[in-house]
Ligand SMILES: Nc1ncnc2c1ncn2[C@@H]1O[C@H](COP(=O)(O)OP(=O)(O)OP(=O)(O)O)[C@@H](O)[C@H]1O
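For reference, the chain that follows is the form predicted alone, supplied as structure tokens.
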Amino acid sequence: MARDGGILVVDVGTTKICALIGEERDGKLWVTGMGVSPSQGLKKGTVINIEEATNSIKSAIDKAQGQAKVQPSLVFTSVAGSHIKIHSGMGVVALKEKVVTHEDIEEVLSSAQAVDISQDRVLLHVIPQEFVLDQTRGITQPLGMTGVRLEAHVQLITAQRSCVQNLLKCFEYLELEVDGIVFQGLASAEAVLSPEEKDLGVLLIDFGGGTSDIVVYREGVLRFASSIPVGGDLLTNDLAVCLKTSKNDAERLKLEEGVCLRELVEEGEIIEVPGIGNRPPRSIQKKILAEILEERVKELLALIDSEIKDIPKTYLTSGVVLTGGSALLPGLIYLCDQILDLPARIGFPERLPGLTEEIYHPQYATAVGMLIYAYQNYYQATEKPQKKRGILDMIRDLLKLKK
């Protein structure tokens, strides 16, 4: 049974907060509200000032609700950062009826979660890798099949409990009940990857402001996920230091003039760099800016290459998909091909009806993916809880979230 009302998703990033409101119209998901605000009170994907973060989240939500004509009945937010970890789990159940039922699947997935996860971590997602029915492996959907023993192999995505609690407190102060938290890399994959890429094998890199999320799919299933505490802010900070300008001006130069491959810049091309305070602007060769960005992008890609060192490149037949705010930096595709030894493309989010042009940009991939994720996995089949919950109750409920 589908719900009335809409879906509010809030992508809580290091540089920006993006809130989207979606609703169902004629059996399709429409984006009817959008709000973006500068991110305050966060660093590398983690809340460091609850009051500032709450105000930033409120600003984005207010803008989105000012456009939408529907009140949300579901609220989702996102999380990223180096505290995100992935664990393997395995569960086994005996089939009482000799036929796999929904209850058997729930039981075996619950059994697979019983791994040694420390008390300071909370479970975000349970991703089935395969089911084994008696001696038959590689089953993706065992429902209705006959057997006596069902086994499930899963990947568990966890986050640091304190990071999740502090994020949820921001929403509690706004009197919003959060129905679920989505790992940002998983959400971006929902928005930009095609079924064919997921099946053949693909690496997704989501370049955020303070973090870069890494996701690997193979045979239609998420096989690996990670988040490193380095993103577009590294490029901005290095430009500010090397060019002796403010971070705001460095960010503007990166967006307007940025090139991360010096060969793409013509000799003698000049750009103007604003000074700090009352200092006059300076003229420099654009090639200097390109050299700074190229070195930092190479470092970032080398970190990513190290993160996926145990994954054979032959496993990633479809190559790499780049998304996030820094994905459009000229020269990035070439450097990915050289350093990661994988063909690359830019990942734009799925064109949802409604505010299509406003959200059709790699920097909104996570928010769009969150809408798709919530609509497919919760909106159409879940009844809204009637009782208001506190922080600890929400944390306990996170243990039940599954993809």
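For every residue, the number given is its place in the sequence shown, counted from 1. None of these values were measured; they are calculated from a predicted model.
This next part talks about the form predicted in complex with the ligand, which is not shown.
Scanning 209, 72, 180, 142 against the ligand in the predicted bound form with a 4.5 Å heavy atom cut-off leaves one residue, 209. Heavy atoms of residue 233 reach within 4.5 Å of the ligand in the predicted bound form, making it an interface residue. Among heavy atoms of residue 316, none comes within 4.5 Å of the ligand in the predicted bound form. Taking the partner from the other structure, the ligand in the predicted bound form has no heavy atom within 4.5 Å of any heavy atom of residue 172. Under a 4.5 angstroms non-hydrogen atom cutoff, the ligand in the predicted bound form has residue 363 among its neighbouring residues.
Per the 4.5 Å heavy atom criterion, the ligand in the predicted bound form is contacted by stretch 327-335, the sole one of 195-203, 90-98, 327-335, 120-128. Shown here without the ligand, the chain has 251, 254, 255 in 247-262 lying with a heavy atom within 4.5 Å of that partner in the predicted bound form.
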